[in-house]
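Quick setup: one chain, the form predicted alone, written in structure tokens, and binding and motion questions come after.
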């Protein structure tokens, strides 16, 4: 739910979901249409479909229990590198390198990484793996995410308050905002489309659902 959506917007939906479907098996057994109705308003409906598919896989193939390692987690619908590492580290205390946008920024500045994104992602992941301790890796990952969200911010980072300032490669150089390096922006294409509304004589509106595939799938 938090992919592309703020905590403030997600919270009431999350509470409604866990009240109505308290475990993964209950969600797996529910009709997809009911899940889509409960999701309405969050957007990016492919996430809801993946949530349903993921619940079915966990319930049917894993006896209702999520796998406890990155490789197995990434085989589940809707779970990519970041989510798999986060679940492995935070939930199962596995040594996994969790990298989100905040951590990318912290590591890029900490190492003064000049390789632009997205090419720099592999180096950032490897460095995070080196830094992540064997004990309490989940706490470390969450601390790094919080560091990026509250201190090592995109604009005007509070370097004077940073606990890593004595080790950071850009500390005192007044160039933190230059990292992570971004590639030149491509010219944004112009796209045009047409929409039609068909209204019957009784006032009803003809509707056709978009394809289920794609980011904006209905």
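Residue numbers count along the first chain shown, from 1. As the structure is a computational prediction, the values presented were derived from the model and not from experiment.
There is another form of this protein, the form predicted in complex with the DNA, and it is not shown here; the text below is about that form.
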In the model of the complex, does every one of 93, 132 and 163 come within 4.5 Å of the DNA, counting any heavy atom?
no
Counting only non-hydrogen atoms, the one stretch of 63 to 71, 22 to 30, 163 to 171, 42 to 50 within 4.5 angstroms of the DNA in the model of the complex is 42 to 50
Quick one: is residue 123 in contact with the DNA in the model of the complex, heavy atoms, 4.5 Å cut-off?
no
With the partner left out here, check for me: in the model of the complex, does some heavy atom of residue 105 sit within 4.5 Å of the DNA?
yes
Wondering, does residue 128 line up within 4.5 Å of the DNA in the model of the complex on heavy atoms?
no
At 4.5 Å between heavy atoms, is residue 115 in contact with the DNA in the model of the complex?
no
Heavy atom within 4.5 Å of the DNA in the model of the complex: which residues of 55 to 86 meet that condition, in order?
76, 77, 78, 79, 80, 81, 82, 83
